[in-house]
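One chain comes next, on its own, written out as structure tokens in the form predicted alone.
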């Protein structure tokens, strides 16, 4: 029987600000190499002899990031399930189990976080196969990681000597994230890090949810029963889903169930939770610096510098995390990078937009970024994917001029369509009904100049949209 991978894309990754934002979160950001961890997760479960098509749980706001990443990885059979509101992992996994069970009453689920790094795919698959027999027999099999240090940022799993199947021990207890002394004691006692990934039968999990969280199960079942479809995805019914208790699967089931086993995973693993953890895994120069982008250093050591688009220089400093994006810079003691989450909480009160959105705005048709902004004008660079189509829209407060830099654009203005080629421009007067699409075989790149009394993104009246946005 094939295993159904359930990929959870709910993490916000606020400790990795400013690279990770609410609208473009950690799973989709290339942090280790050119690929995002979400794309790497798709590749990890690409063996169709062992794994079926993946089920992906994500928020409605991120559905086009998921679709774009699936297209990039050439995954055409994924089943996308949209959560109308974040209710933590218990509700999300319950929805996945219900949907999988309705397709196959004996469905096996492999629950995976989309933002973890695992580089040894063969060892990962071998670990799944070790846990398979116990999961088929009804156990919930967690994947424990042999500790590389007395880490205080992870929970720990304590196993006993009872075997549920060869290589799978019964879990005696779960332990919360410890202080340094307790972490050292856990490692000395042979406890494992809790990776948060696990393998189970859908019906076994639902039986435990029914026992421990019956009201949550009732709410999620009602949401699944009334689910609709949005742009090819399953959209859980919002009102019922919001009734589900907001609780993690660890508290709801794993720490209360007597059916939980653990495999000591043989693969490398990191949750990439902080800039410090990324520095630990990254390649380094002779001074211990991990440098991503065009970086120059002088008398600097053990620093992590992430600046993919801007020349960044360091002199006479050690043990820093420096992260540079187009609109923000983070400079932190590298060893305190776990505290970035507290900094972001302050920013959310004072400058919420800088937490929510990167300078490059991602849309289902492509992306845009502001090049210049002043009184009554704004200049943007817009990239439209092959086949991408903006909404049919109008503005009340601005006129626009589009100049095509690369590719070709099909422009509609008040019902008249016109093909605009490279080095050509078109003017969109205030109030006109217009649309832009890319009919070509290469990305369309254009420069947009806006002029008007108000230039906010909310001055868009959508008349028709192929992506079902409002």
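All figures in this text were calculated on a predicted structure; none of them were measured in a lab. Positions refer to the first chain, counted from 1.
Just so you know, the form predicted together with another copy of the chain exists too; it's not on screen, but the next bit is about it.
Note that among 306 to 314, 280 to 288, 114 to 122, 70 to 78, the stretch whose heavy atoms approach another copy of the chain to within 4.5 Å in the predicted bound form is 306 to 314.
Although the partner is absent here, residue 216 is not a contact residue: none of its heavy atoms lies within 4.5 angstroms of another copy of the chain in the predicted bound form.
The shortest heavy atom separation between residue 226 and another copy of the chain in the predicted bound form exceeds 4.5 Å. At the 4.5 Å threshold, heavy atoms of residue 299 reach another copy of the chain in the predicted bound form. Mapping the unseen interface onto this chain, residue 342 counts among the residues with a heavy atom inside 4.5 Å of another copy of the chain in the predicted bound form. The listed set 35, 408, 59, 401 contains one residue whose heavy atoms approach another copy of the chain in the predicted bound form to within 4.5 Å, identified as 401. Residue 294 is the only one of 268, 294, 129, 85 with a heavy atom lying within 4.5 Å of another copy of the chain in the predicted bound form. For the candidate spot formed by 53, 148 and 183, no residue has a non-hydrogen atom within 4.5 angstroms of another copy of the chain in the predicted bound form. Residues 316, 317, 320, 322, 324, 325, 326, 327, 328, 329, 330, 331, 332, 333, 336, 337, 339, 340, 342, 343, 346, 347, 350, 351 are the members of 316 to 351 with a non-hydrogen atom no more than 4.5 angstroms from another copy of the chain in the predicted bound form.
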